[in-house]
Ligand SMILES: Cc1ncc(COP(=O)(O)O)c(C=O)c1O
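Here we start with a single chain on its own, the form predicted alone, put down as structure tokens.
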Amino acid sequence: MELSTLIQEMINEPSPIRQIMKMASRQNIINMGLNPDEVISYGGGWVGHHPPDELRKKYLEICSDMEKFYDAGKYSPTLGFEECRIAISKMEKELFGVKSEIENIIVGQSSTQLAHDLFIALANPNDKILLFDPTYANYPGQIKMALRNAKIIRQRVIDMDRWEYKPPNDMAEDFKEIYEREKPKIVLFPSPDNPSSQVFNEEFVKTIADICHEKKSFLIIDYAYKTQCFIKEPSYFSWSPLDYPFMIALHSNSKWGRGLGRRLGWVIADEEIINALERVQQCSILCPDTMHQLAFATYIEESLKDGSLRKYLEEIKKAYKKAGEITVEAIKEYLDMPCLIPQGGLYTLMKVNEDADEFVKRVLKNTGVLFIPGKGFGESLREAVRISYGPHVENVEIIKEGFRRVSEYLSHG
């Protein structure tokens, strides 16, 4: 049996995201001779808080009514139901000041699927795409799968000696130089970032947007962690296609609503881009999930009216901010290794000053504590690990215990 050349290459270059999930799997832990119930994992890129109960009730309403459940099995328009797109438009406007019409919104199966379809809609196989180093580990594989021969350009944004992100002016100058030399078709980054939980400076992002607008490149900002921004929200959180027709906002319900497995995403962009994405989506998923849209739309409409959505999001943001602070404090107390101060999201990056793959294996075997090696996010993290406090947000004492274990091992190992 001979598979396609592309998929053979991809199998030989496994997704860092899937490798992370395999490493944290119960069976892998057992295979290492460890008790899974005693392992403390900082590996999960998932949230640990509970979703809003009112959202759960919307699913109950659908499932407990035969006709509603019957209706939930129908096809959705490829763009998504109008009521869902209207609800998203209202939510973005009320929470972040984004001015968009439903013509600027398409609903998809997830932000992962929508990113894949965006690559197909916006770029050709030999185009260049600029990513930061570090950045979300799934992007390179997605780009190769969608565009095959596209060239990925990297801009390093972290100061390796100081172990902090470079000053915005320096990053802006680096971007100008790289853009002029490479002329990428797409610039893509998340903010707040995965894996660093940094929020990119608004002047730096404006520099990127202005250049992309002038040179007619596409700018995709991945807002998976937008509702978990701990600092003052930058102005670009409110940008819309009216501000920058070449900017695309990529969204997901995974993180704030804990919809990791209830897959739902959406894109806000210029109508021409939405039309192009609709054509691609007709071939990729045909239409987004009907039940998720029905439950999500009614929940958003009602929770915006009674103010419960804003209250819920504020409570969740405070919880993750606190978990991030506890993580940094524990690192300083027990390990005294350089780490980034989270500005949003679920993570920090810790510099271990040795090959991170070996460090992770050694620490896991001897302590039952799992970190994620950083190189899957970029070459700048070969001697760093990503630490996620996301899964432990409702039990922060576990965060401290993990670092205590590692400290005890390293000091006596």
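Don't overthink the numbering: it's just position in the shown sequence, from 1. Computed from a prediction, not measured in an experiment: that's the story for all the values here.
The form predicted together with the named molecule exists for this protein as well; it is not shown, and the discussion that follows is about that form.
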Q. Check K128, I153 and S217: does every one of them have a heavy atom within 4.5 Å of the named molecule in the model of the complex?
A. no
Q. The named molecule isn't shown here, but in the model of the complex which of S303, Q281, S254, Q228 has a heavy atom within 4.5 Å of it?
A. S254
Q) Just one of S240, N194, Q293, Q343 has a heavy atom within 4.5 angstroms of the named molecule in the model of the complex, so which one? A) N194
Q. Any chance E92 has a heavy atom within 4.5 Å of the named molecule in the model of the complex?
A. no
Q.
Taking the named molecule as it sits in the model of the complex, is D222 near enough to touch it, meaning that at least one heavy atom pair lies within 4.5 angstroms?
A. yes
Q. If you check in the model of the complex, is K166 within 4.5 Å of the named molecule, heavy atoms only?
A. no
Q.
Would you classify S308 as touching the named molecule in the model of the complex, given a 4.5 Å non-hydrogen atom cut-off?
A. no
Q. For the chain seen here without its partner, which of 330 to 338, 132 to 140, 81 to 89, 269 to 277 has a heavy atom within 4.5 Å of the named molecule in the model of the complex?
A. 132 to 140
Q) Taking the named molecule in the model of the complex, which residues along 107 to 136 bring a heavy atom to within 4.5 Å of it? A) S110, S111, T112, Y136
